[in-house]
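First come two forms of one protein chain, each written alone as structure tokens, so that there is a structure 1 and a structure 2.
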Structure 1
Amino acid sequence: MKKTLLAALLSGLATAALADINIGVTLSATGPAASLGIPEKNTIDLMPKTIAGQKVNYIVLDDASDTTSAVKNARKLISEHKVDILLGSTTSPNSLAMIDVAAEGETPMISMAAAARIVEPVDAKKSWVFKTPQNDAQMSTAIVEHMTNSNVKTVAYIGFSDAYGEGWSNEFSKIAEARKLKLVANERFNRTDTSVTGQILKILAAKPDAILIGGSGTPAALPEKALKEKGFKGLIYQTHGVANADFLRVCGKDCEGTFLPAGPVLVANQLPADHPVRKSALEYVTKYEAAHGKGSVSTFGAHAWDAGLLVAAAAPVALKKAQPGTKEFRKALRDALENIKNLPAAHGVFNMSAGDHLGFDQRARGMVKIEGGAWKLVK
């Protein structure tokens, strides 16, 4: 008798809380990916507190850039907090590991990590998974195109000795080979290395026309400094992983003339007035800088913002079909996410479909050059 009373009481409590939309977030706000996770976490605070008249609760957990913690967080969010949707995680290994949990819990998930494998190919499990950052392949293509247009024949690669660096090495060498670019050296370094002299000397011995550095955040500045010190005169490319103000601060004049592909949000105020992303990108920049100071915005936070936009666009559709907190609502939310069309966001325009859970096209990337210590859009 007591037990049933308790159960009734608990379920009463549960239904009271279930009227709100619960969004579970797991981010890498500490650990090696913290420079990406912290702006994402700051962005969650800027997201709408109500969607279509429904109160929205954000439950934010930190996974410390650790795969096991990300999975644990995802399980906890689904089973304890009964979330309607999962946002996260920051890194590709974490997001890949969460797919099984999301599919098992029949909860849609929006990842903020880059690897294409997170959403491709869309199968029974990955039908629950969406992501907001551009694929590595999209960005690699932009770099390779720019290289071939600049008459580069031989290229060297130096990247992180982790999933990020490996992923770029794979994507880049595939596309470079297809476009007849010769990869003459392929080196690795660690995020916290104090010297890359050995790798740089080996690369310089191979005499490449251009060098691509596959790193994220300020650690990617170290190879550039070593290259400048040793007198490298060719073109230097970075990936979109470096697109934050700290990189410019640390790299200083060593990074002048560096090229990188980036989402339009990085150069939002340089976009032409008729660019479809200009308005939505500027909205994010204004909001973030109002809360965290001028020049604080980074492209990583914008991936989280885009995830928020997706939820805000899909939730009203799903609310018409079912109540938040139910299995039906989660299913309806998934269907609504898949049918999002022409949604301008900070990084591009989303056009989801059953076979494409990213939905970005050419408008989601541009080449950017570092000039006078600032990002300049290359026309």
Structure 2
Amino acid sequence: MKKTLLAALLSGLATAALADINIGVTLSATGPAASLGIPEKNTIDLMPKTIAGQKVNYIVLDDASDTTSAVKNARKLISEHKVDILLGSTTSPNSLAMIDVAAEGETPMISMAAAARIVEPVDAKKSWVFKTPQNDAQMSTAIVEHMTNSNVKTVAYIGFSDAYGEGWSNEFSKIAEARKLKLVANERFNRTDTSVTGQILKILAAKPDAILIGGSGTPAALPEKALKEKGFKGLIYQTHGVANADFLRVCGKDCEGTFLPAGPVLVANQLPADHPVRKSALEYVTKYEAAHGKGSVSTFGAHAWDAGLLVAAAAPVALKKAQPGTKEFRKALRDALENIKNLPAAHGVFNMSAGDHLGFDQRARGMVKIEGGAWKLVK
């Protein structure tokens, strides 16, 4: 009888010890944001299969760049797959829509989208939400600094007619006003549009010194091509949402001379030897290019990589308090994420806190110029 009870007890302990960490991922591998989501999906394959001795399972779903699908995927991952953490989605509208699902399910979520509103302000719902891309406000500051140093006095804006475009418009406008830049036009377009001629003509009529395009992925090439077609000679800026090879391919010669802020991973091999992110950024570049070829790396895949680094840093701490698959583990994982300090990643150094669920400082950005069909770090 005693042997039977002991065997049952040992069997139960073994089962508990073997509980897997389940990571649910929803990203935009198809649709307008596919040029962002595909490198993210590729990066998931490079993530560790064990963390602190625990097996890790990745359940990856495609939301097709659609907000409704992203919410549906998040619900499925939490309710059916019982995931311990959500990674995603690729775009700001999708990520914003997922916040309620993560909070209701008391499941930590790490977004791979840029809008500051995803994590700010940290309230009861957003206490469950973290993100890896630099905030639009952070990157807007870099753009405005470059504009003022380039003697720009007037600027026009054209961005997506969604949360990404609105977020950029709001943050850029505030910073530009503070630095005495005059915003002379503000236009919108849809990710699926095939023409922006009307908006571009309005912008050109305002005669700006510079134009900022608030878009991401290949759709952001559309306004730039229209500007070049109409003969615009001023400075053109893009956001960090275009930092991948697909944008360069689609935009071609029309994006020569364009400036944009970007995470250090985009120009990792151009960083000074003592840059705090050089080593960690090059680690990702090396692994991704080994799997997908030289020049294939993008900042978007690196956002997914950084999400994986955050999980790998937080999970061992959470495992000391609870087992995967439990409410207690999800809460411990959330708490551990919030307390990550001095973690070098592909895009910067993470220092999270109760009031900051991004945790990046100015080491996470730099200005880049498109030159000769490639990215060049602006010194």
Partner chain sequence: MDLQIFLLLGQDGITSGAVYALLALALVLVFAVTRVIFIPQGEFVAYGALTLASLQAGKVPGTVWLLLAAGSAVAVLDGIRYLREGRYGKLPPLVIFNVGLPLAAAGALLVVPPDSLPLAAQVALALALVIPLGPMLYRLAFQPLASASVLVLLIVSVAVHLALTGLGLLFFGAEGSRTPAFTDISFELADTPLQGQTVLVVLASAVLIAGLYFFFERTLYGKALRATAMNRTGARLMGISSSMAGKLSFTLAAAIGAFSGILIAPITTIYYDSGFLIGLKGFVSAIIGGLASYPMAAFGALLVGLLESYSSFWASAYKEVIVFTLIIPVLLWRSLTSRHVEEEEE
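Each form is matched to the other, and the largest set of C-alpha atoms that superpose within 1.5 Å is called the rigid core. Numbering runs along the sequence of structure 1, starting at 1. Remember, it's a predicted structure, so these values are computed and weren't measured experimentally.
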Query - Identity of the form predicted alone among structures 1 and 2 - result: 2
Requested in this report: Choose the entry from 73, 242, 237, 365 that sits at the hinge of the motion between structures 1 and 2, where one rigid part turns relative to another.
Outcome: 365
Query raised in the report: How much does the smaller rigid part turn between structures 1 and 2, counted in whole degrees?
Result: 10
Report task. Keeping the rigid core fixed, work out how far the Cα of residue 215 travels between structures 1 and 2, to one decimal in Å. Result -> 2.5
Query raised in the report: So if we fit the rigid core, how much does the CA of residue 201 shift between structures 1 and 2, in Å?
Result: 4.3
